[in-house]
Ligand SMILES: Cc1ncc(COP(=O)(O)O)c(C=O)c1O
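A single chain, nothing else alongside it, follows as C-alpha cells in the form predicted on its own.
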Amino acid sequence: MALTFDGLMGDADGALAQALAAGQDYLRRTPQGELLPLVGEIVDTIPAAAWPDKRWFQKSYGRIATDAPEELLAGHGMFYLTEQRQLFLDCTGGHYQMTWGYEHPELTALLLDGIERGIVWDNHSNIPSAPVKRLAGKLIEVMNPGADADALVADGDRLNTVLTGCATGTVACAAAMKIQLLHYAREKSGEGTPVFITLDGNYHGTDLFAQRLRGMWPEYFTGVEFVMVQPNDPDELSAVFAQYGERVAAFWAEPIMMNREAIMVDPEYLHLARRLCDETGALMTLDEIQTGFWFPEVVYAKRLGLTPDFIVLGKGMTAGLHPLSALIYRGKYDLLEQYDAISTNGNAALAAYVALGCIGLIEREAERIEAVGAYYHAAMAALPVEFPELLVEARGAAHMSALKFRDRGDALGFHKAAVARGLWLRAHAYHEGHSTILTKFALPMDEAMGDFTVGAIGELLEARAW
C-alpha cells in the first residue's frame, strides 16, 4: 500500500489536507502589504478541520486534549496561520532558528536542487560529503578572510579547525567544554580544581555539565568549580579572575543573552575577558548559537573585533531545515578523539548545502540586513521614551530587539495581549526580576514590517490592553 498524507495523518475525509493546502495557498498568494493589516484576524475562507491533540505530550509542553488547538497550520515568509485559522506575524523566527522565515523560495529551490543532484540527506561522519567539507572551509574563510590556506592550516594559534559532526548546539558546547577540561588536565593539573566562569543567566545547552554552568545539579558534581558573574560588571570580572588566577579553565559568554532578557554584553567587557583569559591561560568561548547567522558578518565575533578560542554556532545555520551546529576553534586545541563529541546526524550533507546557501544569502544581502536591523532597533528604542511609565529600556540589537518592562505583571499582560493581537513574540518573566518581551525577526524583515510591529506594540501599550 502506498504511503499517503491521508493515511499517515488519519485524515480519512481529507479535511486536514484541504485546510493545509488552503492555508498555504492563501499565504503564498497574498502580498505582505495585504497580510499585515489582517494580522490577528481569522481567515474564514480556509476550511476548518479537527486536528490531532496533545494528550501524549509531556506536561511542560501542554499535555492536554483541546477542541480548539492553536498550533501552526501553515507558514510562509514571516507569517503563519494557526489551526483555528488566525493569522500571525512571527516575531521570533520560529524558535529563534528560522533565519529566513518559512519556506524561503531560494532555500527551498536549493534544497530540491541538492536532492536532484544526489546530495544525500545524511551519512557517517567518517565519510563526510562534499557540502560538509565545503561548509567547514567556508566558516574558516569567514573567520580568516583573505588568509593563505596553507599558512593558515599550519598555524595552531588561528581559528582554523571546525567540528561539524554535531547536530545541536548542546553537543557543540559540550565539545568545547570537554576540550577545556582536557587542556586544563594537560597544562594546569598542578593548579588545583578547574574553574569555569560564566555570565549569570547563561544558556549553553541542556546536558548536565552545561546546565551546571547555570547553577543546576550541584549535588552531582565534584572536581570542578563553577562561578557566575553579572554581565557588564568589569570590576567583578576582574576580581573573580584575580581570585582564581591560573585555576580558571574557561570563560563563557553569549554576546546577546537571549535567555536573560536580551541583555547585550558590552564589547569592552568581552575584550576585558579576552585579556584576563590571556593573563591566566584560560580559554575563552563565545557562544553564538543565537547571534551566529543573524548579522551581516555571519559570525558576531567579527563585529566585535574579537578572537575567542572557541566559537559555537547553531540554530540558524540551516534556517530550520535540520539541526546543524559547528564549533570553530584554534587548531592547537584539537584534543578530542574521534568519537569524544559527535551526533548521529551531525554530518547531514543536505543540511550543510542549505547552510552554505544561508551564508550566501547573508553575504549578498549584508547591506540591507544591516540597514533594516538598525532601523528596527531604533524604532523599538523610541518606545521606552514614549511610554516611560511602563518601559525601562530597549535591549538587544538589530533584529534581536527586546523591551524591558518596569513591572512583571505588565510584561506578562502585554505578552498575552500581543499574542491575541497576532504578534508571536516571547516573554521573559519566569525568574525574579525578569520582565521583558523579546523579538528575533527573521532576516527578510523590511522596514514596513518593522513599522507595523512597533506601531502595533505602541497601540497595545497606549491602550493598556491587558
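What you see is a predicted model; the values in this text were computed from it and never measured. For every residue, the number given is its place in the sequence shown, counted from 1.
There is another form of the same protein, the form predicted together with the ligand; it is not shown, and what comes next is about it.
Engineer: Which is the contacting stretch out of 78 to 86, 162 to 170, 330 to 338, 178 to 186, given heavy atoms within 4.5 Å of the ligand in the predicted complex?
Structural biologist: Checking each option against the 4.5 Å cut-off leaves 162 to 170.
Engineer: Only one of 99, 290, 347, 285 comes within 4.5 Å of the ligand in the predicted complex by heavy atoms, so just point that one out.
Structural biologist: Comparing distances to the ligand in the predicted complex, the residue within 4.5 Å is 290.
Engineer: Though the ligand is not shown, can you say which of 205, 131, 357, 308 has a heavy atom within 4.5 Å of it in the predicted complex?
Structural biologist: Of the listed residues, the single hit is 205.
Engineer: Taking the ligand as it sits in the predicted complex, is residue 261 near enough to touch it, meaning that at least one heavy atom pair lies within 4.5 angstroms?
Structural biologist: Taking the distances in the predicted complex, the answer for residue 261 is no, it never comes within 4.5 Å of the ligand.
Engineer: Within a 4.5 Å heavy atom cut-off, is residue 315 in contact with the ligand in the predicted complex?
Structural biologist: Judged by the heavy-atom cut-off of 4.5 Å, residue 315 is in contact with the ligand in the predicted complex.
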